[in-house]
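Taken one at a time, structure 1 and structure 2 that follow are two forms of one protein chain, written as structure tokens.
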Structure 1
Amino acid sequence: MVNKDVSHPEGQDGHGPDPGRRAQLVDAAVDHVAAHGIADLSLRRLGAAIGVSHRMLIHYFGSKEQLFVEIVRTSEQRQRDLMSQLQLEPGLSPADVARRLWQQLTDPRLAGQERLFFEICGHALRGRPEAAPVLEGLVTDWLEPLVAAEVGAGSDPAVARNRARLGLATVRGLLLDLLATGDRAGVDAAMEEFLRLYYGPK
């Protein structure tokens, strides 16, 4: 839970919200969504859960949708950080890293985050201006670390970007499949088949 002391919301110069406090609120909101999902989640209810008023959330984020955009972006960054950590573990092949990351992404406890991701992307693609920022870096923020991993694993740099984009699209497509169908066994089997085609047999 976030500290309830919100008597000084402005930055150190007295102008505008404090970026550090804003990041703290986003982290708390991500944790809450991960634990409880987004069903009927209002700013008032979210604020009460993380220890601030809904007016303070409006002060820092402007609207519920803008806060949801930041939750999605932070969740995505956490996933990239996890991938980077896994890549540093000794003895893990690129396919092993992909499997471990997939297991994390499909953890039922993160289903709320995944639903929010697709919901906000849908809003952005329909042209809702408050959601539009979620499209910034939606693909490109992932390509750099994925391309680096591909090149590090021996892929030709000329095709590494194509492979990285294919991998990202496949993971997101299978996540949507899982949310839509609930067929965990079928989706896991499809991921294993993709990894076999992508990296070769175990």
Structure 2
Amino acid sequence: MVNKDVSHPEGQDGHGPDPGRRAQLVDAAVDHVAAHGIADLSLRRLGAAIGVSHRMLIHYFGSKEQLFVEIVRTSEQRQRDLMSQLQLEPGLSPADVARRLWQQLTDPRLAGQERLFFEICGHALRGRPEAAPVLEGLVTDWLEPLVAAEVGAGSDPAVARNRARLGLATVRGLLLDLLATGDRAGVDAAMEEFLRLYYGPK
């Protein structure tokens, strides 16, 4: 009779009743958010966009905040997957690897995802707790593999960390430039200049 709604007694792990459906919803949510922004997200509009009522979003995620967390986490995961799946043909020079990585990263189809990245950064820098975890991994998560690559390529371990940090920052700066200006050629040229400085001429 009473049939009380027991959606958020789930506890803090917060996973909704049907994990499959939940994952499907968060996936659709990330797509929508990558395309339309996360700043003025409202449960009703998001629901309407992905074909459920806002009631369902609350049902599966407990609250807007937790949905937010899930979106951020999934978005991060996508970015990570993207990097891990880039197939490295052996025999390429480090510069070529970097070049390919840059190409992959600036694929126009990823523009929404990249914009979302910077948008979330902005929120996280402001201390929004649901986006704050991003700040932790923002540098360190990417630094480790890059340092490893640097060392593997023969860098002095002491310098490798600095070089990795520098490379990461430069890529992000140029990515922001690209998103803001859309000047693909100009940004690519700047990237080439960087690679020349970074790996030596030719």
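Along the sequence of structure 1, residues get numbers from 1 upward. In this text, rigid core is short for the largest set of C-alphas that superpose within 1.5 Å between two forms. It should be emphasised that the depicted structure is a prediction, and the values quoted were computed from it without experimental measurement.
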Kindly point out the structure, among the two, that is the form predicted in complex with another copy of the chain.
2
Would you say residue 64 moves its Cα by 2 Å or more between the two structures, aligning on the core?
yes
Superposed on the rigid core, does the Cα of residue 167 end up 2 angstroms or more away between the two structures?
no
Is residue 147 one of the residues whose Cα moves 2 Å or more between the two structures, with the core superposed?
no
Residue 54: how big is its Cα shift between the two structures, in Å, with the core superposed?
6.0
